[in-house]
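Shown here is one chain on its own, the form predicted on its own, set out as structure tokens.
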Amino acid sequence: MLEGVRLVTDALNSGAACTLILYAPEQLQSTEAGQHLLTQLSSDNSALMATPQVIAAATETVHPQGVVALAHYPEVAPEKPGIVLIIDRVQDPGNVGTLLRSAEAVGVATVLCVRGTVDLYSPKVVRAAMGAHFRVALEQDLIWDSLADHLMLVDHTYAADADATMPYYAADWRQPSALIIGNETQGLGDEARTYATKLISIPMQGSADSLNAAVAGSIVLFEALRQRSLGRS
């Protein structure tokens, strides 16, 4: 389910197969982005006009933007070996959606979600990911044994751990690598530690002992992008 002007626009521009789009013209006309989308929908056979009340009943958002759509799950081919993001039992939809958004921003090759992670296609994850579902290769509900083939393609499998002594920027992200982000409260599971070749942490000052999973993952991913763009210096 896709809710809102930006997500539906991203879906259409990415060539997603929408089976149904409901839209309220009077709501879409209130913004420039909505007007552009309204023009696109006028020639889309899957789009049906509806009242704002119908749109509100079909969405979960408090203030619907006048459009909601149903689309087939996107199928995005993985990029060439690069950075692989592994999400290990992260359960907050906002955290997972933010991680997907950051993964797209830095050019992650694929995102693999271990069983116990929140559904990647739940409406809250989709909204937080801001269209990343259409541009990043995703796999979910995986057991660790099934990740072995993916990890054979990388040189190192780094896992974020608050107690690790190796800072995240000391890792060589220029090489094909995997990053594991663990559960918000429990951290890395035993199997994640088994598959990790190196543990990394984010040095911090102050009294905080850890960071939000999405924040921590994003910091590390953008360091990977910096190194791959500019080198390690």
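As the structure is a computational prediction, the values presented were derived from the model and not from experiment. A residue's number is simply how far along the shown sequence it sits, counting from 1.
There is another form of this protein, the form predicted in complex with a further copy of the same chain, and it is not shown here; the text below is about that form.
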Among 84 to 92, 118 to 126, 151 to 159, 98 to 106, which stretch sits within 4.5 Å of a further copy of the same chain in the model of the complex, heavy atoms only?
98 to 106
Taking Ala56, Glu60 and Val76 as a possible spot, do all three reach a further copy of the same chain in the model of the complex with a heavy atom inside 4.5 Å?
no
Using 4.5 Å between non-hydrogen atoms, is Pro203 touching a further copy of the same chain in the model of the complex?
yes
Close approach of Tyr195 to a further copy of the same chain in the model of the complex, 4.5 Å, heavy atom:
no
Contact of Thr9 with a further copy of the same chain in the model of the complex (heavy atom, 4.5 Å):
no
Taking a further copy of the same chain as it sits in the model of the complex, is Val215 near enough to touch it, meaning that at least one heavy atom pair lies within 4.5 angstroms?
yes
Near a further copy of the same chain in the model of the complex, with a heavy atom at 4.5 Å or closer, the residues from 150 to 186 are Tyr168, Tyr169
